[in-house]
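The form predicted alone is given below as one chain in structure tokens.
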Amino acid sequence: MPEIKVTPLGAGQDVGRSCILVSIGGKNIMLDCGMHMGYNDDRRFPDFSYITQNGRLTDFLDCVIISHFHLDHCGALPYMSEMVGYDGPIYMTHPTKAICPILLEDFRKITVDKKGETNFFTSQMIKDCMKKVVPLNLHQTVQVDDELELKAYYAGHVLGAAMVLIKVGSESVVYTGDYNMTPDRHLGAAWIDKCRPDILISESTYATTIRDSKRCRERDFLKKVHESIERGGKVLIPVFALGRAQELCILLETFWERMNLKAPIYFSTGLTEKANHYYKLFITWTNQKIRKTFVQRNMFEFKHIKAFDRSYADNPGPMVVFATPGMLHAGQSLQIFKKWAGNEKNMVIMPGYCVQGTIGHKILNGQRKLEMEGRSTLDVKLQVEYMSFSAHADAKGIMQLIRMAEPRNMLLVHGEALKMEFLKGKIEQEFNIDCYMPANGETITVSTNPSVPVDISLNLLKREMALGGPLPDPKKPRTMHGTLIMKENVSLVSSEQALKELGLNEHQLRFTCRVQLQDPHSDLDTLHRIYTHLKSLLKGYTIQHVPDGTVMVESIVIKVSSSAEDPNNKVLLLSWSYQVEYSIITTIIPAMLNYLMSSPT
């Protein structure tokens, strides 16, 4: 029986380092190729030795698909393609292709230029890697080869994020990447059609969370920022360059305008300009409101939000700073946090998920003394707030996607084990399908029952309709008689057409039944009595007494003969073609015998 195998090399019962290997219909596909924010050693990248101990990955992979530009989904891509070795196609959407190399270069600069790490990819490797990228358009079917095809769907989450349907023959898998089922201020909600895949591989970051209304969250966020500013504090909002940053910038810009506030708002230098450029370039990926107002006013050109210079961190007075990256694991956000952590007037608002091992994760879990690099200790006195503006689907959103796609099996990745376990139980209970949650390096095997598509000839369909059968209904299977021909594809045709196509002569197959009985009448008299009885019994059938001494019921032939030794010993011979319904035969034989044996001699 055909089967699909799924092995997480990263993001199996974990968040970060997303990399999932799928084997389907003899094809091997890598879904995402990310890095882990919580590690600075070999565990940072997926373990590609699972695929091959030696040799290039090109020999083992048919393609690589990147769902979006976040580093936990694409951060290991140049390492995989240029250092381990992969020359095949890498599929991603146009916005992801544009933004991915910029974030990879920023990541490289922090890791190599600032931290001085060796054995890391270079700027040239990023460029060489991106040359292998094949762009995907939404809802466009792309043929990787003669058998493997891909189709991208809108995922929300960040600019350019996509869910991907992977098909090989009649087997299929959907990989969601990260997605959001709720529209926000700059992106729409994820959507997929009822594709009924064999497996739906879904992220489960917020597997046990059902978020309160977006309006309540926005109101609380603005209230906390305003209160901190009013008491003269500084507010740090760690964000990733594109996504939640734009969402919260639009929110604060509108609030500052309405309240006529004067405290400065800053955004990490350089990234604002890049972000605005890409949002203008890919305006079709934003939500309907932004697309409508774009001609009159670009929502991403801010009046109150200015570029940040690192010297501003020491300025007196209140301010709000958006700084990257979003988990406080490196870069400008971490530098500002170190400066502001000792003042209880200040506040840090974490607007998204933080991976275990990052400073963000530690302070959200209440840690107030942090061991920094060089064994120094940092006392955390500022207020720490968590407000989920994370663009991931919550538990309700995951269930909503399952209803949309109607998968036969479910597989959870990109989540924490205990939370996944809870959601797994809910999914199995509500949808009555198997749900899996493999750990990294664990392979899940799912057997499939592939359906074989069959073309039906027009003549055969016309014949069925002429017989007065019901109109074709996909929900109600029906039997059709024909000949199955297998050439380039499989087709069902009428027997006449099959003989013609194959150059064969027609032979008619008939079945025969002999019944012996005692009857004193002559052969012709017995046959006439059978004819009269069947004529009165089978009203809806054509019954003829043929001059050659036979009775015909439709295409059934009935003959009577007697032996020379004993004329009373009669043999009834019935002959019919294979098309005749068996129910007629089982009606005629008992009817004749009962009549002849019960009628007076």
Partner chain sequence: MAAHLKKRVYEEFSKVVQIPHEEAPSKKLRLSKPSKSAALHVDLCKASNSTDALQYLLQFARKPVEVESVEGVVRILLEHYYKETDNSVRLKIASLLGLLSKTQGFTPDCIVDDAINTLSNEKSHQVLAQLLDTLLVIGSQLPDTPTIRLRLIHVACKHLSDTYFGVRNKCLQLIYRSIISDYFGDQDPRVRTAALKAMLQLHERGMKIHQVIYEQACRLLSDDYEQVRSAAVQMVWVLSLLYPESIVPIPSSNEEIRLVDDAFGKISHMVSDGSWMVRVQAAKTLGSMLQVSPHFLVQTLDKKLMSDLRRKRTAHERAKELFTSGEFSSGRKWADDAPKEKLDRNTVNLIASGACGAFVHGLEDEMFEVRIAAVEALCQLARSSPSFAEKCLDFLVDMFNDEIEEVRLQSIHVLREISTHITLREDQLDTVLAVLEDSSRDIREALHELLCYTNVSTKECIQLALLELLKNLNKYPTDRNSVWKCLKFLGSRHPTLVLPLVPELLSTHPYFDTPEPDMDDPAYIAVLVLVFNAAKSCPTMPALFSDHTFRHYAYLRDSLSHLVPPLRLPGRKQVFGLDSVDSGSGSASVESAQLFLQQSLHRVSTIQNLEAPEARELLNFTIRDLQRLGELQTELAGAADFCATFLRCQLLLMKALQEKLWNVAVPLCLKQNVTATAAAQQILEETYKLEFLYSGLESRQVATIHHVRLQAKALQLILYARSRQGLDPLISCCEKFLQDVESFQRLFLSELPHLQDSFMDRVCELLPRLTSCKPVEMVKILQSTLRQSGLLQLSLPEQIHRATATIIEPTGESDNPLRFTSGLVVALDIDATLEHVNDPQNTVKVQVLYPDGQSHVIHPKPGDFRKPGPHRHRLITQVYLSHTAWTEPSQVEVRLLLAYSSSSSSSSSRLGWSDGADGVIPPSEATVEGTIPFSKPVKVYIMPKPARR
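This is a predicted model, so every value here is computed, not measured. Numbering follows the first chain given and starts at 1.
Below: the form predicted together with its partner chain, not depicted.
*Asks:* With the distance limit set at 4.5 angstroms and only heavy atoms considered, check whether Arg211, Glu227 and Gln383 all reach its partner chain in the predicted complex.
*Replies:* Checking in the predicted complex: Arg211, Glu227 and Gln383 are all within 4.5 Å of its partner chain.
*Asks:* Would you mind picking out the stretch of 282-290, 307-315, 128-136, 94-102 that comes within 4.5 angstroms of its partner chain in the predicted complex, counting non-hydrogen atoms?
*Replies:* This holds for exactly one stretch, 282-290.
*Asks:* Please pick, from Val515, Met83, Val454, Ala189, the one residue with any non-hydrogen atom lying within 4.5 angstroms of its partner chain in the predicted complex.
*Replies:* Here the answer is residue option Ala189.
*Asks:* Of the residues Phe431, Phe511, Phe120, Tyr436, which one places a heavy atom within 4.5 Å of its partner chain in the predicted complex?
*Replies:* That would be Phe431.
*Asks:* Please tell me whether any heavy atom belonging to Lys151 falls inside 4.5 Å of a heavy atom of its partner chain, as the geometry stands in the predicted complex.
*Replies:* Outside the cut-off, so no.
*Asks:* Please run the contact check for Lys234 against its partner chain in the predicted complex: heavy atoms, 4.5 angstroms, yes or no?
*Replies:* Output for Lys234 is no: heavy atoms all beyond 4.5 Å of its partner chain.
*Asks:* Does any part of Met486 reach within 4.5 Å of its partner chain in the predicted complex? Heavy atoms only, please.
*Replies:* Met486: no contact with its partner chain in the predicted complex.
*Asks:* Just to confirm, Asn343 within 4.5 Å of its partner chain in the predicted complex by heavy atoms?
*Replies:* Outside the cut-off, so no.
*Asks:* For 420-439: residues with a non-hydrogen atom within 4.5 angstroms of its partner chain in the predicted complex?
*Replies:* Result: Phe422, Leu423, Lys426, Glu430, Phe431.
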